[in-house]
Structures are given as C-alpha cells and as structure tokens.
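In structure tokens, the next block holds one chain alone, the form predicted alone.
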C-alpha cells in the first residue's frame, strides 16, 4: 500500500458542482486533492436555459456569489446555486482550469466523457518529462446537486480502494470492473504520461 496519499485531481466542466463536491469529500478523507474545470468559461444556470451566467476562470466564487445575489437572490437561493458557491468559497478562492495546471497527479477523475476527452487530449499534447504514469478515469455524473453528492461518494470510495491496492498498475482494471458492476455506471480508463 502506498505510504503517501494519492495525488488526485477531480475535473468537471466549470469547477463548480461535481468536481467541487468530490474535492470537498476527498479532502475531508485526507486525500491530496485539487479540482478543476476544462471549459473555456465558467457557466452557472441563469434565469432561463439559454441565459446562463458566464464568468472567466479568474472570477472568484465570492464575486460570482455577489453578482448572483445582486441579480436575483431568491432565484439563486431556491435553485441551490448560492449554497453551492458558499461551499466552494470554503474550499478555495476561485475555479481553476485543468489545462493551466502543470502539477502532476497519480489519478485524474473526470465527471463526464467530454471532459475526459479534453483531459486526455491535454495530457497527450504536453511534452513528456518524467514519464510518470497518470491514470485518467471517467465516472459519468449528471450535473445536479443530488447526483454530484452521490458521485462524490462513489469517487471517494474508488480512491480509497485504489489507495489500498498493493499494485495500482496491475490491479486498477479489475477494481474498475468491480465498481462498474456495483454502481451500474460505465467507467472509462486510460493511462497518460507526464
């Protein structure tokens, strides 16, 4: 079993809901975790499906919170967005883009197939320096509060199982198969190198 906690990155599109819920739970369980988005902008639901609130990744969670309170406090309280931003503010100051991070991880967990494809493409386009493997795993999680919570616990359980393997490289495929069977969710998995 590795003596050090796994270095884990959790990635969704906007680094708001799914990745942040998993970040929250993993950090409470002692994992060395960071969270990211892969989108070009941060998008939060707006007053209508075709009118999202769009922010730059440099915008802090505090600034988003203040902006939405100013726009329609009742709406964003009812739909849970303000509550979500309050949680996010407690974890870190602002969303981060995966493509801008040069830190190395043992495990990158994505929350939807499109994000998985973007992460794999980004990792494969980087110049390999250390040839350290990084396992990229996708767990499809719908982008709503309930699914984000359920998905975060599934991700946490998966990370705990991987942390306790004797030989991650040789045991991970079997482990993922067990998780697929247990959760009835398909998992994608590939290995990239730094």
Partner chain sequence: MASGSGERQHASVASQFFTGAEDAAIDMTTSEKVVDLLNQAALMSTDDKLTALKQVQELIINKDPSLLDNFLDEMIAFQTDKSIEVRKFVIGFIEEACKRDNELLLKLIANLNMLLKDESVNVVKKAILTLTQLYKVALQWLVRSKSVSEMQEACWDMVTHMKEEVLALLDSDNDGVRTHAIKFTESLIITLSPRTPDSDIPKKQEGDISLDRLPKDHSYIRYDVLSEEGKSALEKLLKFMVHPAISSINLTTALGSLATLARQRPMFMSEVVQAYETLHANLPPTLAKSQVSSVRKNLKLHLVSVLRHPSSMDFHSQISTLLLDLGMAQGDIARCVPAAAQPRKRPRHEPYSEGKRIKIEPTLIEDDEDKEEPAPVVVPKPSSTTGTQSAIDLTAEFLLPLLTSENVANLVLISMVYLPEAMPASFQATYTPVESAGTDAQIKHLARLMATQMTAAGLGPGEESGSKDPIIIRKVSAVSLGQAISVVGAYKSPTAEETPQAKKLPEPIMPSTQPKAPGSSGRKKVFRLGDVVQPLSDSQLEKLTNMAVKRILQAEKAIARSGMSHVRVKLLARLMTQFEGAMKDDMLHFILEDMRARSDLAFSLLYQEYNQYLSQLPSGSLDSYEHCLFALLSGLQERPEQRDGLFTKLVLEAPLITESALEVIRRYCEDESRVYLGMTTLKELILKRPSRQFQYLHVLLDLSSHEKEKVRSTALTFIKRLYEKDHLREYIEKFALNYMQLLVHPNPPSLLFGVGDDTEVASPWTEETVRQCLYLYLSLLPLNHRLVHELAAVYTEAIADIKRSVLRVIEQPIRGMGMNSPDLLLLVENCPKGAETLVTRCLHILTDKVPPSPDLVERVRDLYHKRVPDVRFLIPVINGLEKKEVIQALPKLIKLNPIVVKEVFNRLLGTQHSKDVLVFWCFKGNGSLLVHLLCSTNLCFGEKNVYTSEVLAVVMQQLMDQNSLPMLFMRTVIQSLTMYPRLGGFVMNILTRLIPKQVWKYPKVWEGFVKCCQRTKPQSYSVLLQLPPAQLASVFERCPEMREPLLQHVRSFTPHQQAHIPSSIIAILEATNRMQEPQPQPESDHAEAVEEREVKP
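The structure displayed is predicted, hence computed values, not measured ones. Numbering follows the first chain given and starts at 1.
Here the subject shifts to the form predicted together with the partner chain, a form of this protein not shown in this document.
- Remark: none of the three candidate residues (86, 146 and 160) comes within 4.5 Å of the partner chain in the predicted complex, counting heavy atoms only.
- Contact with the partner chain in the predicted complex, defined as a heavy atom within 4.5 Å, holds for exactly one of 98, 116, 105, 76, namely 116.
- Only one of 62-70, 46-54, 30-38, 164-172 lies within 4.5 Å of the partner chain in the predicted complex by heavy atoms, and it is 164-172.
- Of the heavy atoms in residue 188, some are within 4.5 Å of the partner chain in the predicted complex.
- A residue is said to contact a partner when one of its heavy atoms sits within 4.5 Å of a partner heavy atom; residue 82 fails this definition for the partner chain in the predicted complex, lying far away.
- At least one heavy atom of residue 180 is located within 4.5 Å of the partner chain in the predicted complex.
- The partner chain in the predicted complex comes within 4.5 Å of no heavy atom belonging to residue 91.
- In the predicted complex, the partner chain lies within 4.5 angstroms of at least one heavy atom of each of the following residues of 109-142: 113, 116, 117, 120, 121, 124, 127, 128, 129, 130, 131, 132, 133, 135, in sequence order.
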